[in-house]
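This document starts with one chain, in the form predicted alone, laid out as structure tokens.
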């Protein structure tokens, strides 16, 4: 862990990462209700919102679209990722080097680690190489810390999420993206387990505006330093309105009710 408050991907000590690695991780199914979002440029446009501190994409999307937005969007380049067609134990092959991410102009890099998988050892070794290379380029390392595998029956159990944040701290992440463990108390413990490392909540599947903002509010109050979200923003008819509300909840620490009232 290194101090990253001066990094482009942090604003007032917090981060709102707009993720769009879903085309690889989930496939076109995530775009069925919003077919216009199959065009990555539509989501890059959304990422120009002041609330967004970085946009997370895979290498090919960065190559093809980021040059048109480099003045308005901070790039978080995912170094690994797998398709939803893979049916084995959770694994995430490395698809991009840190050197190439830096060449593309990345402001940070991201890496998924499935602790508990039969492939954990290899993933930790790959993370080590990427993390140490990121240090050479002064790039923050964001870990998608997702315990997962045949021996893990509940990947959002409070103890599992606290373990996920601690693992990220122990092996050198600067930000850990984790799932919400179900309660503010459990989220608070997970944040404490991370020490001084920043923890951001994973956005998950699309829910109602109020339900989503209320969960973000609870997470921020519990010590989360922001959010890494995809579908709950860009699957909406008006993502800008939701980002306006998220800006109030995350950076100004307003309630979900107040943020919704101010942005309706």
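The shown structure was predicted, so the numbers you read here are calculated from the model rather than taken from an experiment. Residue numbers count along the first chain shown, from 1.
Only in words, not in the display: the form predicted together with another copy of the chain, which the text now covers.
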Query raised in the report: For the chain seen here without its partner, which of 19-27, 249-257, 6-14, 236-244 has a heavy atom within 4.5 Å of another copy of the chain in the predicted complex?
Result: 19-27
Query raised in the report: Is there a heavy atom of residue 137 lying 4.5 Å or less from a heavy atom of another copy of the chain in the predicted complex?
Result: no
Query raised in the report: Using 4.5 Å between non-hydrogen atoms, is residue 183 touching another copy of the chain in the predicted complex?
Result: no
Report task. Report whether the minimum heavy atom distance between residue 61 and another copy of the chain in the predicted complex is within 4.5 Å. Result -> yes
Query - Partner proximity in the predicted complex: residue 155 to another copy of the chain, non-hydrogen atom cutoff 4.5 Å - result: no
Query raised in the report: Are there residues in 75-95 with a heavy atom within 4.5 Å of another copy of the chain in the predicted complex, and which are they, in order?
Result: 81, 82, 83, 84, 85, 86, 87, 91, 92, 93, 94, 95
